[in-house]
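One chain comes next, on its own, written as structure tokens: the form predicted alone.
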Amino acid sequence: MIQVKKLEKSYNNVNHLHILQNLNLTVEEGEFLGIMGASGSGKSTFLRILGGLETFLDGEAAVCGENLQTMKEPEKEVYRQKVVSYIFQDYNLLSGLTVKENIILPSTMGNVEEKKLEQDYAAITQKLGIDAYENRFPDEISGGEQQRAAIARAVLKHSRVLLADEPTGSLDMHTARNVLELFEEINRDYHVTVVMVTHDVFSASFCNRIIFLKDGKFTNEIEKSGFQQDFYKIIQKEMREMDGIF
């Protein structure tokens, strides 16, 4: 599903700053993977590479058989439309469209039956509590409400891969749980592969596997083998032992 080999990313400034160094990763189809690390560790950059939003210096990265290194921009546009859905930290909603129009727009570009689209939209927005403000514009709602709309937009596409960058960062605990349960549902019922960047232990505990990133390098990983509350404690313990990663 996702194959990354010896991936390198740097900025060609005076110091030739390395952002990602020699990353190797395999993500199986239907996996729910979490990536954790401190601010500036390279988490969001790595996710943007998987989303076809950033280039990289060296190595290989392929998603669903699509080679991200050799893709031209028109091919990346098709890839972003048909293969992956992306949840941005800054929501990335269009100011001239209502919340509902923002959510539905990407899905209308595919070959989706209108009735099915409306049914899925109703189910997702009800779970996330969006129906109360669906006819408002982005600048008329709060940051948390915009985040819910961005999440609904990504989930509605039913892409093979869902990439989520700190999706619960601006949400209250109740809404965050609803979002994470929705991720679990589409991961389980539709076999959608989910890769989520997060610094939050509660959010991470919903994943099946966690990989830690420090100074642009993967340091270690842990897998869920029991109940969520047990995995929560294991993640906490791992973070303490890593001393200073967060």
Ligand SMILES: Nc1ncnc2c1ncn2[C@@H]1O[C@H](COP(=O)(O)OP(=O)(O)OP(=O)(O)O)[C@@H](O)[C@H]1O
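Residue numbers run from 1 along the displayed sequence. Not measured: the values here are computed from a predicted model.
What follows is about the form predicted in complex with the ligand, which we do not show.
**Q** Quick one: is residue 19 in contact with the ligand in the model of the complex, heavy atoms, 4.5 Å cut-off?
**A** Yes, residue 19 sits close enough to the ligand in the model of the complex that at least one of its heavy atoms falls within 4.5 Å.
**Q** Verify the contact flag for residue 62: yes if a non-hydrogen atom of it lies within 4.5 Å of a non-hydrogen atom of the ligand in the model of the complex, no if not.
**A** No, residue 62 sits far enough from the ligand in the model of the complex that none of its heavy atoms falls within 4.5 Å.
**Q** Evaluate residue 89 for contact with the ligand in the model of the complex, applying a 4.5 angstroms cut-off between non-hydrogen atoms, and reply yes or no.
**A** Result yes; residue 89 sits at the interface with the ligand in the model of the complex.
**Q** Report whether the minimum heavy atom distance between residue 57 and the ligand in the model of the complex is within 4.5 Å.
**A** Output for residue 57 is no: heavy atoms all beyond 4.5 Å of the ligand.
**Q** Please pick, from 44, 193, 178, 205, the one residue with any non-hydrogen atom lying within 4.5 angstroms of the ligand in the model of the complex.
**A** The option sitting close enough to the partner is 44.
**Q** In terms of non-hydrogen atoms within 4.5 angstroms, which of the given stretches 23-31, 44-52, 183-191, 65-73 touches the ligand in the model of the complex?
**A** That would be 44-52.
**Q** Of 176-203, which residues get within 4.5 Å of the ligand in the model of the complex if you count heavy atoms?
**A** Only a single residue, 199, comes within 4.5 Å of the partner.
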